[in-house]
Every structure is written in structure tokens, then in C-alpha cells.
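This document starts with one chain, in the form predicted alone, laid out as C-alpha cells.
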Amino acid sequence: MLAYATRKLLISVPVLFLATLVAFLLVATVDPIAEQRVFLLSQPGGAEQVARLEASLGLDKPLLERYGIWLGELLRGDLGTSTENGRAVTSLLAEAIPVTMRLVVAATVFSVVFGVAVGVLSAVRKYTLFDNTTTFFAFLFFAMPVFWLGAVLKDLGIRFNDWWGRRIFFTIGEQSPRLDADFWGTWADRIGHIFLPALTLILIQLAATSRFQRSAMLDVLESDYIRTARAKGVPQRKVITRHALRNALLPIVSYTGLTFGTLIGGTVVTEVVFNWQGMGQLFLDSLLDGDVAVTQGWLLAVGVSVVLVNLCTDLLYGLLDPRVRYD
């Protein structure tokens, strides 16, 4: 297992380097001083001011040299400074990442737990009323646009609060502003804020996870070693939990690793609907403001998270299936 983990770690190093290159090149062609350039060039002596501004930002250097400078600063932990508010990009990411991670982790954990349970029961009770019902709702939620589902849940949360006579579900923000509470009070407030946006992602992810789990479970239940276990008189519960489920979880591990990484960068719509100040809102603001440094930092953070999550997925895959370690 140690050799397998070391090999995967070494493979991740060039992938991380490629992630830095992609993050830089995706926004390298964007002119961060486009508006200032137009204004300054219309003024006397504007060309000299533009030249000085380009030199201060390093825009007068060749693209490869700019990448080398950016990579060197990155290795020292410096991702640059936002042109909008003058704050360090690392500081902005440090504030946004925990907010998004709370949402993504909650959505992933609950969608996997319930998705696996629903998928296993659907496979065991194939073509029953339960299987047909879960299949219908799975395709229904999977086909729903995220923004529409989020808006509907937000409206239902407001109506429920009005009916109950007190605020149970929060529909704006990741926590109450100027909250002064103890540890449990803080987390109770966060749970009230996270419920609806997490439910938006959970319903869509659960739909896909349950279908993957059902398909994988059906394949395993029809394999020879399962028929052999049943022929030996092994109880049905043990056949499912000890023999079938472990192998049926392998595709879900891969799928969860892929979706977890992409969810970090794909929560833009959900965060906008519920006004969360996380990675999604940070990315949208940087695009609208033309803040190149923040956009590059966001792309790099998402790319690194995808690589690291898939590395963990590979290690978990090797732990569940020892045959993978010797391929």
C-alpha cells in the first residue's frame, strides 16, 4: 500500500504543475487594465502612464517570463493582490474556501450516505414500487436546473417560516451577521443557514449517486461469487453487506471523488441564489470586475482541490480493492 501511495503522490506532482500552467494561461490573455488604458490614452501623456502601469504589473514582459515570475511568487505563498480592494488573493481564498467547503462537504456526505442506501435497496428490490418510485424521483431531480431548484426551496423555506411564526430556515448568507453566541449557538446558526443550499445540491447529487449505486449493485449481485455464496446458504443480509456492497462501492468512490472536486468550483449558482460569500461568489465577482489575480488564484485553488481529492480517491480505491495496487 505504501508503494502504491508513493506512486500516486509522484504522479500528482506533474499534474499539479500542469494545473498552475492552465490556471495562468486561462486568464493570461485578459487585459487587467483595459478600462484604465482607454481612459489614459485619451489624456495628454497617457501613453507614458500606460507604459508605467504595465511595467508595475509586469505586463510588459513576455508571457513565459510572466509565468515564471508568477510561479516563483506562488511557491513563496504569494498569489498576488486584488486590483479591486487591494487585498491579498491568499487572504480572500482563505475566507472563501471554508465557507464553500462547509456546503460541499455537507452535500457530499449526505448525498453519498442516502444515495448508497437508496441504490442498494433499489437493486435488492428491483422493479418493485420502491424501485420505480426512486427511479422516477432520481430522474426528476437530476433533470432540474440548480438555480430553479434552489429558488423553489428558498421560497418554500420563507413560506414555512411564515407558517411556523419564527425563522427556522435561513435563506440569505452563510451565517447571521454580527453573531455573538457560544460554540453550539454558532453551529446551530450555521446549520440553519446551510440546510436549504445543501439540500439543493443533495437532491441533485443523491439522484445521480443512487442510480450509479443501483447499477453497480445489480452487476455485483449477478456475479458468480454471489451465486456461490447463496448456494452455500449464506443469509441474504450477509450476502449484501459483506460480499456485494464492498465491491459495489468502488464505482461510487470514483464518482464521488470526481463530483466533490467539481462541486467546489460548481457551487457558483447555489451560492448566488442563497447569497453565500464563498468560492462561487468570489469567482463571479472577479470575473465581473476583471480582477485577474483573483481569477487565477480561484482557478488554481479549484484545480489543486480536484487533484488532491482524486489522489485521495485513488488511495481509497486501492484500500477497498487490493488488486488495484498491483496493476
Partner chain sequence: MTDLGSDISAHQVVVRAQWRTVLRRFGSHRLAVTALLLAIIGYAFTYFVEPLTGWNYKQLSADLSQGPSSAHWFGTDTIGHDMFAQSMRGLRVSIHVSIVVAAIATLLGTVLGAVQGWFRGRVDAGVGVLVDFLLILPLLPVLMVLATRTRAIGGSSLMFVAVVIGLFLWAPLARVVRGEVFAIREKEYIEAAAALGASNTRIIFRHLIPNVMSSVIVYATLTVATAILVETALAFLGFGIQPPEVSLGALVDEGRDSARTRWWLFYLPGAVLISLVLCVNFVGDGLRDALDPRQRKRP
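We call the rigid core whatever largest set of C-alpha positions still superposes within 1.5 Å between the two forms. None of these values were measured; they are calculated from a predicted model. Residue numbers count along the first chain shown, from 1.
Missing here is the form predicted together with the partner chain; even so, the following discussion is about that form.
This chain lacks the partner; the member of L140, A188, I168, L71 within 4.5 angstroms of the partner chain in the model of the complex by a non-hydrogen atom is L140. No residue of the trio L53, V89 and L196 has any heavy atom within 4.5 Å of the partner chain in the model of the complex.
Using a 4.5 angstroms threshold between heavy atoms, A47 stays clear of the partner chain in the model of the complex. In the model of the complex, at least one heavy atom of D162 sits within 4.5 Å of a heavy atom of the partner chain. The closest non-hydrogen atom of L288 lies within 4.5 Å of the partner chain in the model of the complex. A residue is said to contact a partner when one of its heavy atoms sits within 4.5 Å of a partner heavy atom; F147 meets this definition for the partner chain in the model of the complex.
Although the partner chain is not shown here, in the model of the complex the stretch 10-26 places heavy atoms of V15, L18, A19, V22, L26 within 4.5 Å of it, in sequence order. Once the rigid core is used as the reference frame, the Cα position of V13 differs between this form and the one not shown by 2 Å or more.
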